[in-house]
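Below, in structure tokens: the form predicted alone, a single chain.
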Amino acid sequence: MRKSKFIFYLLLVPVLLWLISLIVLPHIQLFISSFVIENDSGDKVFSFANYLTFFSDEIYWRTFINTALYAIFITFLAFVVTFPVAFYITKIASKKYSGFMTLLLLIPIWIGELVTIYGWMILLGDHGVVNNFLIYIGLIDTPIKLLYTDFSMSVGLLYMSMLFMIIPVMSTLESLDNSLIEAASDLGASKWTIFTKIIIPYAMPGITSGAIIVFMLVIGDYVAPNLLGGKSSLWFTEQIYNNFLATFNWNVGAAFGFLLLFLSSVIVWVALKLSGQKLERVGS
């Protein structure tokens, strides 16, 4: 008994040291620095000015609203695209092939976001695969602008986030008893009624869990908006990046980072209230 406790604490200590030293303490330091400004005499004083900068400058709060709206839209698209796939793998495909299909879904994680984004840049470029194919089949005569647009940014974000929607949904649908669907069909229920009254309500915890993960990942992403988005596709994380590494205003950057965390959490809370879901049921 004592030996097992000793092994447990021996394994726990490195994890706690890693969490505290690399995550907790840096975030505490950033949180404190987000309230610090320099006055006219050069002294550092405590103030809410860094946070008020977000509300006083239109470019900042408008950028956040734009980012939040795009994140909500991409989250919805991720659900629309992945739900049929999740339902097919869990309820229609045979067990012989469902495992292989699930394995294929994990490939994007193995490749990594940066490599995947560059792959989309090759596909959507003016002389990329998509434009060359459209010219070859005669649909267009000259390349169309696909890269560095809101479209390419949305495609990249959607592709990178779909997996985090489909896995929770599949996990929930796997426990759905097929006899419920069969009974509803035998009683004369239409496919739409079965889908909206049985399948969706049952899968709602998984859908909500996936939606939260996708929304938080998309709204906090930096690589895809920066590499795939156009000049008008300014993402709020780029504002944070600019304050940290372009203007070296770490205090404002820290304030914006915590505002992003707070405001995105508020959006998730409001969405849970409007949908009637409870956080403790999400993913269960």
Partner chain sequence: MINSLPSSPAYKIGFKIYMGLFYLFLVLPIVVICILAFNDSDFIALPWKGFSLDWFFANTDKRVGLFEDADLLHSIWVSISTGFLVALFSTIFGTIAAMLFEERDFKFKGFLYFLALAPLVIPGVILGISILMSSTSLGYFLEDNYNLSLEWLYPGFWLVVFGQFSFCATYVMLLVSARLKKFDKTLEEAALSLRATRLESIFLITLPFLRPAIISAFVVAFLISFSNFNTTIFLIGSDTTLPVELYTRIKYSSTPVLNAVSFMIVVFITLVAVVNLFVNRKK
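Numbering follows the first chain given and starts at 1. So that the term is clear: the rigid core is the largest set of C-alpha atoms that superpose within 1.5 Å between two forms. Given the structure is predicted, the values throughout are model-derived calculations rather than measurements.
Just so it is clear, the following notes concern the form predicted together with its partner chain, a form of the same protein that is not shown.
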Stretch from 136-144, 179-187, 67-75, 200-208 whose residues place a heavy atom within 4.5 Å of its partner chain in the predicted bound form: 179-187
Proximity of residue 149 to its partner chain in the predicted bound form, heavy atoms at 4.5 Å: no
Exercise: residue 62 in contact with its partner chain in the predicted bound form, heavy atom 4.5 Å: no
Residue 116: touches its partner chain in the predicted bound form, heavy atom cutoff 4.5 angstroms: yes
is_contact(residue 37, its partner chain) in the predicted bound form, heavy atom dist at most 4.5 Å: no
4.5 Å heavy atom contact with its partner chain in the predicted bound form for all of 33, 111 and 162: yes
Sequence-ordered residues of 247-275 touching its partner chain in the predicted bound form, heavy atom within 4.5 Å: 250, 251, 253, 254, 257, 260, 261
Rigid core superposed: residue 9 CA moves 2 Å or more between this form and the one not shown: yes
Exceeds or equals 2 Å, Cα of residue 269 between this form and the one not shown, core fit: no
Core-aligned CA displacement of residue 30 at least 2 Å between this form and the one not shown: yes
